[in-house]
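This document opens with one chain alone, in structure tokens, the form predicted on its own.
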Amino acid sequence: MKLSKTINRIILPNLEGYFKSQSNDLINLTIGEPDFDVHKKVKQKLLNCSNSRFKYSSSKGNTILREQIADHINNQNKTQYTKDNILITTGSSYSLFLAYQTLFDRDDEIIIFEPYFPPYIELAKIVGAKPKVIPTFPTFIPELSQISKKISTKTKAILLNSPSNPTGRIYTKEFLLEVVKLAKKHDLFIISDEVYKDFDYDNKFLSPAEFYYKTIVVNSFSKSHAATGLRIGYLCGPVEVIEAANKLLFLEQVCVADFIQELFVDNLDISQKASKIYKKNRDMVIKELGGNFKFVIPDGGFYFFIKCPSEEKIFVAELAKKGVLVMPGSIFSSRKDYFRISLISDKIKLKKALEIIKSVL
């Protein structure tokens, strides 16, 4: 069957087995979602939602929710956004796709840091943009000189993900200011993926939006509210970008389900309980694996990106035989000598998994 050349260029890892694995005999440290129940106020609203919410929404999204998101970001980042800077989307992945479609023409370039969230590369292929990948091993902090070298007349944007998936790295203010300086010099956009910002263990997170107008923030409620299945997120950025992205959203999806948007009105503030639990579990991983494995301590998020002690494929397969599923590092990188684990709230299961990882070593 003859399909488009674009679709044939897209490479996706086969993750179906990871998502479906619910066996009690396996400890699954692969999936990138909080293992807590959905935000309780959101759940209560969902249980009580009325038929009046099952209608079209504005393509830009619920006005009250957009106003509240703008205020929420302003309080955190010292920005001056209004509802006109916000577009409600079906999750951060679609927000990212909208940003790409809005910014890039064929052969435009985007700078991406490795290791990376796989859609950063694949979405670029769909819109015809060219990823300029900068490896950041072993510190996972990009060298500014390397960024500067990668910028050309075709470069349109730099993508930042902080806290990072898969490394958990949070960029410092000093680093962000240097990247902003480069972006201003070359008139680039910054796309800032901030879906893990609420999992910040050491109060280090800053958004480049605080320092640079041409920042496009990608975010969602999937991680912060443990609502991955509700598929709701948002884009935040210059009004010109939001207006343009809204044209695409209207053509591609019309709008986000109105009743789902309503669930998050007055529900933006979250408990820090999950973050505190994950921080304690992060410290457990450091204690249990620190003497035998090489890794950079994550500042946030809920992942560890760990150096494999042997060939990646063999090591990951051996862990699976012993009852622990981890994500191969090659999913996030061209290298094949790392693996990623997700922190889980169950301390007993996590401790058992860490013991198995050590035993396989």
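Residues carry their position along the shown sequence, with the first being 1. Keep in mind it's a predicted model, so treat the numbers as computed, not measured.
Keep in mind that the form predicted together with ligand PLP is missing from the display, and what follows is about it.
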Ligand PLP: the contacting residue among 102, 220, 155, 246 in the model of the complex [heavy atom, 4.5 Å]: 220
Consider the chain as shown here, without its partner, and state which of 261, 224, 207, 92 has a heavy atom within 4.5 Å of ligand PLP in the model of the complex. 92
Go through 287-295, 159-167, 247-255, 127-135 and give me the stretch that gets within 4.5 Å of ligand PLP in the model of the complex, heavy atoms only. 159-167
Is residue 123 part of the interface with ligand PLP in the model of the complex - any heavy atom within 4.5 Å? no
Though only this chain appears here, would residue 323 touch ligand PLP in the model of the complex if you measure heavy atom gaps against 4.5 Å? no
Partner contact for residue 195 in the model of the complex: ligand PLP, 4.5 angstroms, heavy atom: yes
At 4.5 Å between heavy atoms, is residue 117 in contact with ligand PLP in the model of the complex? yes
